[in-house]
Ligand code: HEM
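A single chain comes next, written as structure tokens; it is the form predicted alone.
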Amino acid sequence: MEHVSFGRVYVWQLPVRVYHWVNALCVVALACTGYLIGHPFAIQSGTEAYNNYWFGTVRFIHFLSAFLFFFNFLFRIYWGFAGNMFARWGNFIPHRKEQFTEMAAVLKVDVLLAKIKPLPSIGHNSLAGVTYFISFLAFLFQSITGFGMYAAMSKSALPRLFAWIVPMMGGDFAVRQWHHMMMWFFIIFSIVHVYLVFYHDYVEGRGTISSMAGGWKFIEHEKNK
């Protein structure tokens, strides 16, 4: 009988884990409230206006989540330089031959299902890193367009910084359309992300799911027969 022992590796530092869960909650809140803002429906709970302010509450939650999302994202940009080797930007932008080789291997596992075996990466694999980098660009686009639209009804300094995006993109309606379409990118990304987390947890057996709670992953240490 073959016995395999595993060693623990501290992969996801506390700031990364906090960022991940804050970001996840913000995306859910923004997607739900954003859909209601784009497709509102009538809820009558009384005859007085103050009894029918649910849409104002929806907008408030959307704006509050947007500010939290944006500053959380700025922190992640900083932590890409200050964090450990698994959090740094070099993992998200492929620049070495072995990263492209690993991307092909991941495609065989995730898409073609040509093989089922653990991948060498302990942190993000190269394909996941590229995907997350694209999602970061989507975060930036969604923040700029969202604050650009909000600038029309706010005198705050932060939204006003992005007021230029509305005329550049052809007006408020065009920006709203792009902002709404990008919401569906986040929804699809989240579904695929959750599926692959569970899938890799099964294929690799390294504690992928629990690592985003405690930070630890497991690597094969030695084999004894």
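All residue numbers are counted from 1 along the displayed sequence. If you're wondering where the values come from, they're calculated on a predicted model, not measured in any experiment.
FYI, the form predicted together with the named molecule isn't displayed, but the following is about it.
Pick from Ile61, Ala174, Val197, Leu161: which residue has any heavy atom within 4.5 angstroms of the named molecule in the predicted bound form?
-> Of Ile61, Ala174, Val197, Leu161, the residue with a heavy atom within 4.5 Å of the named molecule in the predicted bound form is Val197.
Taking heavy atoms and a 4.5 Å cut-off, does Phe75 contact the named molecule in the predicted bound form?
-> Although the named molecule is absent here, Phe75 would stay clear of it in the predicted bound form, with no heavy atoms inside 4.5 Å.
Could you confirm whether Ser190 comes within 4.5 Å of the named molecule in the predicted bound form, counting heavy atoms only?
-> Ser190: contacts the named molecule in the predicted bound form.
In the predicted bound form, does Gly38 have a heavy atom within 4.5 Å of the named molecule?
-> Heavy-atom contact with the named molecule at 4.5 Å: present for Gly38.
Mark Ile209 yes when one of its heavy atoms lies within 4.5 Å of a heavy atom of the named molecule in the predicted bound form, and no otherwise.
-> Close contact exists here: in the predicted bound form, Ile209 approaches the named molecule to within 4.5 Å, heavy atoms only.
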